[in-house]
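Here's a solo chain for you in structure tokens, the form predicted on its own.
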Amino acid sequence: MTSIILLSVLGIVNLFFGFLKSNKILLPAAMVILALAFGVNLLDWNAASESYFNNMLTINRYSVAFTGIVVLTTLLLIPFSQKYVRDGEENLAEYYSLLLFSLVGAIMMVSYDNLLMLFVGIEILSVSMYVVAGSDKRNVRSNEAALKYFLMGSFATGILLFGIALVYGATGTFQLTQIDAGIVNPVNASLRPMLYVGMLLMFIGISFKVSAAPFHYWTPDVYEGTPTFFAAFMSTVVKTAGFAAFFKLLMAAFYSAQGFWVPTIMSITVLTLLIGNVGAVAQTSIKRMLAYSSISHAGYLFIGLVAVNGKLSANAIFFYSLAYSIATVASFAVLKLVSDQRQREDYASFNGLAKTNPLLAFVMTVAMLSLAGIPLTGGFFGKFFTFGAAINRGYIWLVVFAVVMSMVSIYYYLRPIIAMYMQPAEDENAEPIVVSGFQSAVLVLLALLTVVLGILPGLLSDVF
């Protein structure tokens, strides 16, 4: 709860720094705020569970863990915003404040105990993303991305809210545990069809937010048009918060209706894995490839939901979200640095990068290997724990399908590596990509964290 208050208040205060019109003040201010929020959040790690707002929001180990991921991800991403927001540009502070406000929504999504609080959290997060998607006013694609995201997101929000209304009508409550009790002992059994329709509509609304098929259609175009810095935020923070909220909804509210929703979630899982991986193979833009990669990783996270394995699934989703977020931040960071200078986002823009910028090539390689699930990276153990939870429930066929899709993903994750190390630069006299010392340090940290998670997964494999 302290993190929510801190980010809300300091987000408003950060707006006043806009009068200074200086990135030299705004960037450190945003990083200090995020570091404070991360530290304050960790103080609640071993604290007893505590509820607020008439039990609508609960702070416990689960909420603290996922709050830690979203805040840490943003903290590691912020240094790469420097070249996006330039000194002298209007509304400079608003971009950072919108990120802080969106984090408030993300924290509410991982801490809710009431469907109304879930809806409020999703809206706070979503509205901020609609704005930043179109923040590059000079780029027509950015305007298109904002319009598509807003229109489609509005429909998804309406569907989600309609689902919440139907679930309330069938159970008479918004509280998660009381909803589950209403499923076990319904007051009016004739309302069961209404409950199932409400559940389906809620699944559609949340699946849209996490880019799950067949509700993924907005993702490639929105990611491509959104400034790379904010696309990275969407791909990590929004997805982590969405899956933490989804898992809590299924475990706390709909646990007793597994016979209905497990086949539904399983179908979404298979479709998401197939479309995400096959779609990524056909891309010529690294940014669009990462968009389809984001879709495919939603499929792997869905396996954790299908497993319905309590702490085992929760730990798997937590570890996967952390490893995925770190690798994705690293890959988008390198992409942003390269595209800012070379003004292109295709695979050829990475040709010869290992020669001109060995550090960028190395970090991108580690990130790609982690996203592919190669051993000695965090991504490998993320998939290992998720697949283990599914096997424990007997879904061997689903794991086999996911492994096949992982093999497909190796193709498109190796393409940037081949371009960096095996292809000559198109311009032999091209200048090296300019990277500040601070950005280089953060890139090294991202690569190090990925490797540490791959060598010592036990550090964070059993947090619940």
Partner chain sequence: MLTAFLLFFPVAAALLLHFAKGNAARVLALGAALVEFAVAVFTAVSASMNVAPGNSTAAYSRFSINIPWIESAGINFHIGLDGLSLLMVLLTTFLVPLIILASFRHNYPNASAFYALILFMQTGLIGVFVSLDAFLFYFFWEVALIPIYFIAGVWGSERRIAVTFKFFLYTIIGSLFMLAAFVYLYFQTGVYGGVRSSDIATFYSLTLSASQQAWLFWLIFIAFAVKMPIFPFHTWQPDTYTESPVPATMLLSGIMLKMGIYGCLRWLLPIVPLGVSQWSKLVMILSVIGIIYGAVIAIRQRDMKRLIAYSSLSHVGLMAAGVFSLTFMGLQGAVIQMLAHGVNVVGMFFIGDIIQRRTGTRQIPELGGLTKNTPLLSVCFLVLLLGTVALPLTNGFVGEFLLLAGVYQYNPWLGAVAGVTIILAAVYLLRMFQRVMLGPETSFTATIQDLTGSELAVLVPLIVLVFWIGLFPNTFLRISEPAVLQILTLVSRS
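Positions refer to the first chain, counted from 1. These numbers were taken from a predicted model, which means no experiment stands behind them.
Keep in mind the form predicted together with its partner chain is missing from the figure; the text below concerns it.
Of the residues 47, 32, 434, 396, just one reaches its partner chain in the predicted bound form with a heavy atom at 4.5 Å or closer; this is 396.
For the options 314, 164, 369, 129, the one in contact with its partner chain in the predicted bound form, meaning a heavy atom within 4.5 Å, is 369. Remark: of stretches 293-301, 139-147, 217-225, 385-393, the one touching its partner chain in the predicted bound form is 385-393 (heavy atom within 4.5 Å). The three marked residues, 407, 421 and 454, each reach its partner chain in the predicted bound form, with a heavy atom inside 4.5 Å. In the predicted bound form, residue 43 stays away from its partner chain, with no heavy atom inside 4.5 Å.
At the 4.5 Å threshold, heavy atoms of residue 2 stay clear of its partner chain in the predicted bound form, well away from it. Contact check for residue 181: every heavy atom lies farther than 4.5 Å from its partner chain in the predicted bound form. The closest non-hydrogen atom of residue 438 lies beyond 4.5 Å of its partner chain in the predicted bound form.
Of all the residues from 362-389, those having a non-hydrogen atom no more than 4.5 Å from its partner chain in the predicted bound form are 365, 369, 374, 375, 376, 380, 381, 384, 385, 388.
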